[in-house]
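Quick setup: one chain, the form predicted alone, written in structure tokens, and binding and motion questions come after.
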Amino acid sequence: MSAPARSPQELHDTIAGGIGESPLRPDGTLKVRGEFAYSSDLWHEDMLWGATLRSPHPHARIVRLDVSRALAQPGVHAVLTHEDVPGENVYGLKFQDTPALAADLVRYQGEPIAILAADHPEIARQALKEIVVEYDVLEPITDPERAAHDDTLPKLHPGGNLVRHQRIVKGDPAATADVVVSGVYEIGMQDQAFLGPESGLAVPAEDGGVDLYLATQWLHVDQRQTAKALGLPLEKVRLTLSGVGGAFGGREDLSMQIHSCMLALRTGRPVKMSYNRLESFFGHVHRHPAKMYYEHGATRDGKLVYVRAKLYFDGGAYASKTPVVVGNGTTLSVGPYDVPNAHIEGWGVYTNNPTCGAMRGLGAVQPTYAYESQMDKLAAALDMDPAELRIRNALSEGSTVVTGQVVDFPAPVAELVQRVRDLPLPPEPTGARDIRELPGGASNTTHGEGVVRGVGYGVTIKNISYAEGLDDYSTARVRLEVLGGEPVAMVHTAAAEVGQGLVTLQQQIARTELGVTRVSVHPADTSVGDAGSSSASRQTYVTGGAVRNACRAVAEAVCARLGIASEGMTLTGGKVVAADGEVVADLAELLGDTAIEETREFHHRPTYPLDPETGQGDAHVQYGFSAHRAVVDVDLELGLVKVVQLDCAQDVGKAMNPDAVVAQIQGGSAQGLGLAVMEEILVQDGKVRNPSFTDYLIPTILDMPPMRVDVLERPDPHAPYGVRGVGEPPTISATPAIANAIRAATGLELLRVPIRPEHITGV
């Protein structure tokens, strides 16, 4: 595309709210004032309420299922089981292994067995108690390492208990080194903890299909899986995005989609389903817990020689994104470092623990915690500054990663570490201290006695967008017309706004490319082409690219209507402007009562599957990098931790919306802090022990410390506008920075996160 010819940097100087600025989010004011409509606010005059009966056991055979008493309850309109699934009773993101409703076996606590629709949510909840289920309770499989290797265990699925095994071999797998450190690290099961519960409204249509309004991350994959279960063609299952109250990966898998549509089609009435917090904990996937064995070897002057690692990821009952977690986990297993020799193995397995899938930082959070713990251990063995060790081994443009792929875009890892290291530290405490600034805070547990301070670093590498040969693309439709006497653009994609600011970004791109002030964004739905998931830090890259392409196609069509070549022409200020600044035409006059509409796709550069034996290959299209430095105070007597300061330096390629970039880094850092010191779903014998926000702790504003954010812009020449995904890296590098700071303060090894008080006190 040759028009517009002026660069985005030049254009945004003249177009208010364009690329590089931070315009007001169209949803921002409504959300701050509590007036934004989320999916749980959906309403229809004659709607019914859906509810789900779930298994109390992590592993059991269903011996008997009787719904007759529930169906006989006043106000109950339908009770459905696996026998009522009209299409195929199986779905899945990667493997088709998950039943819409359990037939004869339940594989995790909370698995759906039956659904019903009633006049009122309380009637629905009470009717669930009338469903009779008899179980033959089985011993749950809960140890992922044993599930990977013990063939005597019962097979949870026909193919066994292994979801994916991946080996990575680079250089000499038997290399030796002068200095060797090793460790075994564990990471607990983290929840996405989005505030908006799973919810949606299914409305039966006159054509025998169904319209579903819901909160999700990927409309088209939901459409495909739901249509298959309903036995309907895609065009009869239409999805529209409603307000999404957070996602972070937890809305990639199905929850109430098939169930609400089944009930709506059976009753002929709209059906709303909205989980409460307890059900939400059982109704979505979580972050994979992992156990990781690491060994690092280095020269005496601190150059890495080899890394050997074994990583075990607990996928729970069904595959979900476990294959991707294993792929990411192994390909990113040595971090943003130049490692000439490596032997890595990763396993993702089925167990009877809760199903685990996508969560922010997919597959990178676990190994980053382990290898960054190792880097601090290696620095101590070498008597070297931890930041200097990282700088000495940092990847750079032209480096080769563990899969043999050459980094052919900027990789300023050393600069990020240097920048975050050089930021001012908080002053050392002296004299009497405000208890609100101490571990324990207003609880008045200490006045400073027994409190020690530590500083730690965390650095990460995270792949951006889909990988390993998947054709990753997005679609955008852009319409330019005159409304109220001025040209107005409308952007239509299926990309999910999940709070990250994508709606604003689409407006910014259209303003920049088309030179108009007014841009509307059509509600995301499945009437336009697939945009993929709002995950993998990919939407700015991929949907941004699609919107750019569609806008440029509109600009070309404008020039074609004028009968002129698009070369050198720019749309700006509602005018068509030549390269010499001459105004060629007024857009409003040119368009009149007509419109120009174009639909385009954007596909990123191809990636390739890994070699099945060596794990070598160009698996990823782009990497994101970030570095954190954490400062903590630790009360050694009580094991309480206060994160005093958490600073971050991150390369974003191009800050399309600077305020949104900083907000993503701050929000991601908060989730990383949560994993470091408090967030964990506690599972015992396959059962969740803390399915509530009373017992599952997440950081509040009082837990978040001051942050300095240093944003680098090193454009990726292969990406639209040079962008680099932003949302995931800060979540990943924050956790090990805090853990390393706690180790520095206490001198303890601390091989597991989250780090709880008893890990510090020993009791």
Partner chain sequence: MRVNVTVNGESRRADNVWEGESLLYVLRERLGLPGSKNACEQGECGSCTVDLDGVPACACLVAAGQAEGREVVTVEGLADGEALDPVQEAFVDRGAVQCGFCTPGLLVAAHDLIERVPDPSDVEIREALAGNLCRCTGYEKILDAVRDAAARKAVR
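Residue numbers count along the first chain shown, from 1. Model, not experiment: these values are computed from the prediction.
Omitted from view is the form predicted in complex with its partner chain, to which the following refers.
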query: Contact segment among 732-740, 47-55, 65-73, 718-726, judged by heavy atoms lying within 4.5 Å of its partner chain in the predicted bound form; finding: 47-55
query: Residue (of 589, 122, 685, 235) lying close to its partner chain in the predicted bound form, criterion heavy atoms within 4.5 Å; finding: 122
query: Option touching its partner chain, based on a heavy atom within 4.5 Å in the predicted bound form, out of 169, 638, 670, 414; finding: 670
query: Contact flag, residue 246 vs its partner chain in the predicted bound form, heavy atom cut 4.5 Å; finding: yes
query: Its partner chain contact in the predicted bound form: residue 442, any heavy atom under 4.5 Å; finding: yes
query: Its partner chain contact in the predicted bound form: residue 296, any heavy atom under 4.5 Å; finding: no
query: 4.5 Å heavy atom contact, residue 191 and its partner chain in the predicted bound form; finding: yes
query: Heavy atom contacts to its partner chain in the predicted bound form at 4.5 Å, residues of 659-673 in sequence order; finding: 659, 662, 663, 664, 666, 667, 670, 671
